[in-house]
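Okay, here we've got a single chain as structure tokens, the form predicted alone, with questions on binding and movement later.
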């Protein structure tokens, strides 16, 4: 495996070197970065030691263009990771653009949450802490954009399904499901076979006017997160639980939604929402054999952006709601969350201060993320930050032992 990775690395850099020598209009950009995190839980273990090299190779001629984005993660405690985040070809016509290949696709208006931004699956191996261009995974797709004046029709066809990536067994970000007894996992139904009938389709209409920026989207896609079907084995005499079999399985979803943003005086108002039909939720209802019930589901956001004393400020309220709810469902009927952002630049815009916070109203828990970034020289930045978890339950409280400080030393070219 190591030999294969070194071979791939050699091929990538050989391609870059040869192409750079022979192509005068080639664009090479990217960065090298060291990312080091230290836990504050008393043991002062390192949460991460990561060296990153990211390269963007781009070139365009006449009505075609291409991009190749190789990356490399080198860790202190795991194998070298080499991959291609994006590699695609663009073809331009008078009113139509076509992009074919592995690509990241970004939709919606939300900051820090995924509502209609669901085309690219997520890499959650480091929870929500990496930059979002690293959380979003590239997917093999054909994307077509059709332009009419200030309106755009976008169609995305994804031939092969890519699921969410989760933390490994030794990760501090792994979430252990709670079961009354130790279950047996059966993964025989988790894989979605590569076939035309299993492909995904997404569509979006965008309208930009002087009053509003509006997007309307729809999708027939797979749920990136598997539903855990739980089968119970009950002793017929004592009626006690003797065994559990858990079968993860991805299910089809029909999704509709949209987003908007508009300006009113010094304020920018944003909204985004999605309606999911047929999403699976775990239930304790004894009449449900596999422990899963399908319900329609709403996920939406309202937010505003404004500037006070040169401090850019953003507020968002996010709600998730299960429709036709009953008390057997494991999840809460309504989950409310808020975000707060304050950011400012000083010293001729070389010192950047940022404070971002998620707050979970139901569990009184939060993730607080202050950062200080200094532009040391042209392309060279140093960042000092912290990730502070509060509470004991919910998506943030469960990680209350993972408070950390971290640094990112980055050179961009």
Partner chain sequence: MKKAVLLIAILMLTGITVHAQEKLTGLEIMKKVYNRPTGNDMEANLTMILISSSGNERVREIKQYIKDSGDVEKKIMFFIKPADVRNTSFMNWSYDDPKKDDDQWIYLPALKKIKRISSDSKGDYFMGSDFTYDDLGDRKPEEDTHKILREEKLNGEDCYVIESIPKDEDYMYSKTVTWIIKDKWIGLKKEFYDEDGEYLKILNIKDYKKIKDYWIITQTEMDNVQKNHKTVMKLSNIKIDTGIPDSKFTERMMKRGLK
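As the structure is a computational prediction, the values presented were derived from the model and not from experiment. Positions refer to the first chain, counted from 1.
The following text describes the form predicted in complex with the partner chain, which does not appear among the structures shown.
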property: Contact check for 29, 67 and 95 against the partner chain in the model of the complex, heavy atom at 4.5 Å; result: yes
property: Contact stretch among 37-45, 355-363, 56-64, 384-392 - heavy atom within 4.5 Å of the partner chain in the model of the complex; result: 56-64
property: Partner contact for residue 164 in the model of the complex: the partner chain, 4.5 angstroms, heavy atom; result: no
property: 4.5 angstroms heavy atom contact with the partner chain in the model of the complex for residue 147; result: yes
property: Contact of residue 290 with the partner chain in the model of the complex (heavy atom, 4.5 Å); result: no
property: Exercise: residue 110 in contact with the partner chain in the model of the complex, heavy atom 4.5 Å; result: yes
property: 240, 209, 194, 170 - the one with a heavy atom within 4.5 Å of the partner chain in the model of the complex; result: 209
property: Listed residue that, although the partner chain is not shown, lies within 4.5 Å of it in the model of the complex (heavy atoms), from 177, 180, 286, 266; result: 266
property: Heavy atom within 4.5 Å of the partner chain in the model of the complex - qualifying residues of 381-413; result: 381, 412, 413
